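Presented as C-alpha cells, the chain that follows is alone, the form predicted on its own.
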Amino acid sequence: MKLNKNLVLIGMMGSGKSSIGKILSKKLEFEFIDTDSKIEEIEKKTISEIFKKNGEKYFRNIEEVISLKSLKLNNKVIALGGGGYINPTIRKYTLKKCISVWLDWKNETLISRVKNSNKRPLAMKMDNLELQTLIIKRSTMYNLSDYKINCDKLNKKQIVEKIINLYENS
C-alpha cells in the first residue's frame, strides 16, 4: 500500500535505523535513503572526517540540506542521522509531510552499541554519563515523533512488522 508519504526512522546513533530501514524499504518496495551515507557520498569523506576537518556546525548545515531534500521526495524510507531530528526545520517538515517512527532502546543498550565505534564522532569523545545525558536530551525531541517503538525485546523482523503496521494504518 502506498500512502505517498515517506516513512522516516529516527533515534539515537546505534538504534538500528539503517539496518531496519533497508529491510523496510525492500518490504514496502520503497527506495531507502540513509542521510548519513548520502552526506558521506556527497562530501567524499566519512562523518568522522567531516567533524574533524570542518566541525560539527558545517556537518549540521549539510545534514539539514540533504535531509530536507530527501524528505521532499515521496515513498521513501529515510533514516535520519541521530541528530537530524533535533534540528527544528527537519523535525517540522517531517511531522508535517511524513510518518516518523522513533526506534527507542534502553540507554544501556545504546551506550554499549556506540561506545567503541569510531564511526560516531560525538560518542567517541564521551564517557557513559555524557552519553546518557545526550540520550535523555535527544529523547525529548524524539518523543515528538508520530510513533515510538520500544525495541529492546523485539528482533528486527518484529520491529519491521510493527512499523509496516503503523505505516499502513496511519
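It should be emphasised that the depicted structure is a prediction, and the values quoted were computed from it without experimental measurement. Just count from 1 along the sequence shown to find any residue number.
The same protein has a further form, the form predicted together with a small molecule, not shown here; the description that follows concerns it.
Participant: Report the residue, out of Leu103, Leu28, Ile135, Ile47, that has at least one non-hydrogen atom within 4.5 angstroms of the small molecule in the predicted bound form.
Facilitator: Contact residue from the list: Ile47.
Participant: I need the one stretch from 20-28, 158-166, 145-153, 7-15 whose residues put non-hydrogen atoms within 4.5 angstroms of the small molecule in the predicted bound form.
Facilitator: Result of the contact check: 7-15.
Participant: Is there any non-hydrogen atom of Phe32 lying within 4.5 Å of the small molecule in the predicted bound form?
Facilitator: No - in the predicted bound form, heavy atoms of Phe32 and the small molecule never come within 4.5 Å of each other.
Participant: Does at least one non-hydrogen atom of Leu122 fall within 4.5 angstroms of the small molecule in the predicted bound form?
Facilitator: Close contact exists here: in the predicted bound form, Leu122 approaches the small molecule to within 4.5 Å, heavy atoms only.
Participant: Quick check on Arg60: any heavy atom within 4.5 Å of the small molecule in the predicted bound form?
Facilitator: Contact check for Arg60: yes, within 4.5 Å of the small molecule in the predicted bound form.
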